[in-house]
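Have a look below at one chain only, the form predicted alone, in C-alpha cells format.
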C-alpha cells in the first residue's frame, strides 16, 4: 500500500492511534478508485447485471415509504387517502424488490458468482434474501386486517412446532411490528451495505469464460 496520502511523520509506522490504524486499513481494503469507480468492464452492460441495481433502488423506496408509515403510525393508512397511497407504494416497491432480488440471486447462481474469492459476497447476498423474506412476512402480519389474522393463525402452529413460538409470537402485534420496522430492516440494511462493499472490493463477477481452463476470475485482490 502506498503512504503518499499519509503525513510523512506517520507514514509507514504505527503512529496515529487507533484512528490512523482504521484509516490505513480502510484505504488498503477500499481504495477510492475501487470504492467509487467511474467506469466498469464492458460485460457489465449485459441486462443480467442490471437487476442488482434495480433491487437496491426498490429497497430505497421500501425504506423511504416504510419510514413514512412508521412515523404516521400503523393505523394511518386505514383512515387516510394519503396513507393508503403511501402504503400502496410500500407494497408495490416490496413486490418489485423481491422480484428483482430473485432474478438477481438466480442470475448470480448460474454465473457461479462466488468465483474469484467472492464467496462472502455470495453468502451476504443469500442471507440478505432470507432476511428480506422474514421482513416481508412480518409486514403481512401487521396489516391489521383479516388477511394478516389469517396468515398469523396459519403460521403460529408451524412456528410452535419447531419451538420458536415463544420467542417469535406471530399473534403478538406489537412484537411483530417491532420486528418489521426495527430489527429485520436493521439486519437487512447492514447486510446490504456489507454486500455492496464486498462487491466494490472484489469487483463485479465476470461471465463464465468459454475456456474454463484459462478462466480470468476478475479478482482485483
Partner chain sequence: MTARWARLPHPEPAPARTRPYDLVKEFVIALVAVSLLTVALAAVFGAPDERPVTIRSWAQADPADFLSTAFAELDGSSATATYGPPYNSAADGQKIGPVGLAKLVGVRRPIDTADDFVLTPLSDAPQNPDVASALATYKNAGADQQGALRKQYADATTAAKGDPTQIPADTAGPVQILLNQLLSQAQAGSLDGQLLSSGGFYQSDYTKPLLFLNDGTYLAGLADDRHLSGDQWGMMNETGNYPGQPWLWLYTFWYQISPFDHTANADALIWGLMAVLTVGFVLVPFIPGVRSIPRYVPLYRLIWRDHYRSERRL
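If you're wondering where the values come from, they're calculated on a predicted model, not measured in any experiment. Positions refer to the first chain, counted from 1.
Quick note: we don't show the form predicted together with its partner chain, though the next part is all about it.
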> Even though its partner chain is not shown here, does residue 182 get within 4.5 Å of it in the model of the complex, heavy atoms only?
Replying inline: no
> So, in the model of the complex, is residue 30 in contact with its partner chain at a 4.5 angstroms heavy atom limit?
Replying inline: no
> Is the gap between residue 142 and its partner chain in the model of the complex 4.5 Å or less for some heavy atom pair?
Replying inline: no
> Might residue 16 be said to contact its partner chain in the model of the complex, defining contact as any heavy atom within 4.5 Å?
Replying inline: no
> Within 124-138, which residues have a heavy atom closer than or equal to 4.5 Å from its partner chain in the model of the complex?
Replying inline: 126, 127, 129, 130, 133, 136, 137
